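One chain comes next, on its own, written as structure tokens: the form predicted alone.
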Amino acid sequence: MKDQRLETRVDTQTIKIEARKAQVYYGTNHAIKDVDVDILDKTVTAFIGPSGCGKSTFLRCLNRMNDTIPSCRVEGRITLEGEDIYDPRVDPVQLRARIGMVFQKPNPFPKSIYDNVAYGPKIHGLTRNKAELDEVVESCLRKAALWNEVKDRLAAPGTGLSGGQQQRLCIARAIATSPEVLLMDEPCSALDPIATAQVEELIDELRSQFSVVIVTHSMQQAARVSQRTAFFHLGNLVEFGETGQIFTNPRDPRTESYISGRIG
């Protein structure tokens, strides 16, 4: 791990999120153990591993979503651009405007397509008038490759869209607060192959503006969309590095066993 960390430090890209000795407990259950990770800016980082290995639990640490679980305790240090996100002075609501999240199942609000995207900018006071809000909504729907499909029915309910469209609407909603990081927890697992391909293409485009972290159960998806991959097993970060290296020349036998289908 030390060598890998040194490689990251001399990389020309900026480290956006840094985790050191991150631990997660659910009551007495030690779910995540000693995780060290550097999430680079304008890069897609994939978290892979068998079900229950801790990848989603760790993802939820990055924007303090685990705060909503009473039995959950997070230890260690996780920083966003050098600032400890678990510092008591950090407002989790403001943090989540900087670190957006897209969930496994599309979950549009029971509001219009327009209001789904406008919600974040409104509550965070990011626009001064309706014209600016209109601009943000159009821009985010365009970035989410949805504008041409919905521009004539912005007042229609977001829940009336197809599954793939709903997930792209949720991505538009997540980027409407101009986050620096976008977390995606298995964003394609409820989608058909065509919608999955559209979301994967979108992830690749979003990388030019955001740091993207994706949890995926699909190794093929991780290989297609990410530049860096972290392999989790039994709550441990087993290996972390360039995606090509992880898939073609893993350093740890556990990674090789998972990639080849012997575990998982």
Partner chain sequence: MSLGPLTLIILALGLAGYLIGRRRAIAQVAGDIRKLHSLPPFYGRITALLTVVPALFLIAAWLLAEPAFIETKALSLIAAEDIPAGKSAALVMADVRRVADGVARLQDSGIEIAPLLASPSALKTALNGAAIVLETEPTVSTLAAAAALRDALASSRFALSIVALLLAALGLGFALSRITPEYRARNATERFAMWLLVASSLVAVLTTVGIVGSLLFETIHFFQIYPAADFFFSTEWNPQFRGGSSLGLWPLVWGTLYVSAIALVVAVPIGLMSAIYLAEYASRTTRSWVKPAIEILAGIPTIVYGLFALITVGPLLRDYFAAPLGLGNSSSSVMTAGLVMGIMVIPFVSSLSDDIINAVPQSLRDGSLGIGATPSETIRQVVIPAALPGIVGAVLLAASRAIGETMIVVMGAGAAAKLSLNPFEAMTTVTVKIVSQLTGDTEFASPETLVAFALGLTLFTLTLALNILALIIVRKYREQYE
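None of the values given here were measured: they were computed from a predicted structure. Residue numbers count along the first chain shown, from 1.
Form predicted in complex with the partner chain: not shown, discussed below.
Residue P110 is the only one of P110, P88, G82, P193 with a heavy atom lying within 4.5 Å of the partner chain in the predicted bound form. H124 is the sole member of R153, R73, R142, H124 with a non-hydrogen atom lying within 4.5 angstroms of the partner chain in the predicted bound form. None of 145-153, 73-81, 127-135, 171-179 except one has non-hydrogen atoms within 4.5 angstroms of the partner chain in the predicted bound form; the exception is 171-179. Shown here without its partner, the chain carries K55, H233 and V238, none of which come within 4.5 Å of the partner chain in the predicted bound form through any heavy atom.
Under a 4.5 angstroms non-hydrogen atom cutoff, the partner chain in the predicted bound form has I99 among its neighbouring residues. Among heavy atoms of T159, some come within 4.5 Å of the partner chain in the predicted bound form. Within this chain, M65 lines the site of the partner chain in the predicted bound form, having a heavy atom no more than 4.5 Å away.
Remark: Y114 does not count among the residues lining the partner chain in the predicted bound form, judged by a heavy atom distance of 4.5 Å or less.
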